[in-house]
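Coming up is one lone chain in structure tokens, specifically the form predicted on its own.
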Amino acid sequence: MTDWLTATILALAGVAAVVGIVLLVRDEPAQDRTFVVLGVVEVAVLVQLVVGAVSLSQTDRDVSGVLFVSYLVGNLLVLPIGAFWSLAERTRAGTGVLLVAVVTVIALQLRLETIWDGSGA
């Protein structure tokens, strides 16, 4: 895995979290631009899935492959699930769900790093 990709995903997810917090404070539902930001994060996570799978196939590290790939796939699914839930619940609660999904992406990203380092299996 690459550090720049991890940093990019964490930065993008941080921006998405700030957007979610602002919307929560304003008591507004998620808007189209919010979903654009989430889409950018999702594309970065998709790139990470591909890069992570290729890196896993080419490494000699002591990495639990099944655990690593399951976290990559789970990370990919979190934002679409949160987005659909938010679209179904067009209130402050739906915006809260998006914020929880973004924070989950951040947490999964940090966990992926510990698994990749071999200390988190």
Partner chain sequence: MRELSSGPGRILVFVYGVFAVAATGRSLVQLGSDADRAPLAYTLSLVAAVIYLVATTCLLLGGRRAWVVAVGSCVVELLGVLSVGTLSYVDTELFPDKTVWSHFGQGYGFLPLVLPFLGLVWLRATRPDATS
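Numbering follows the first chain given and starts at 1. Keep in mind that what you see is a predicted model, and the values were worked out from it rather than measured.
Below: the form predicted together with its partner chain, not depicted.
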Report task. Indicate whether residue 96 is a 4.5 Å heavy atom neighbour of its partner chain in the predicted complex. Result -> yes
Report task. Could you confirm whether residue 85 comes within 4.5 Å of its partner chain in the predicted complex, counting heavy atoms only? Result -> yes
Query raised in the report: With the cut-off set at 4.5 Å between non-hydrogen atoms, does residue 54 touch its partner chain in the predicted complex?
Result: no
**Report entry** Partner contact for residue 50 in the predicted complex: its partner chain, 4.5 angstroms, heavy atom
**Finding:** no
Report task. Report the stretch among 27 to 35, 74 to 82, 54 to 62, 40 to 48 that approaches its partner chain in the predicted complex to within 4.5 Å, counting heavy atoms only. Result -> 74 to 82
**Report entry** Residues 8, 19 and 117 all lining its partner chain in the predicted complex, heavy atom within 4.5 Å
**Finding:** no
Report task. Select from the listed residues 101, 112, 23, 12 the one whose heavy atoms reach within 4.5 Å of its partner chain in the predicted complex. Result -> 101
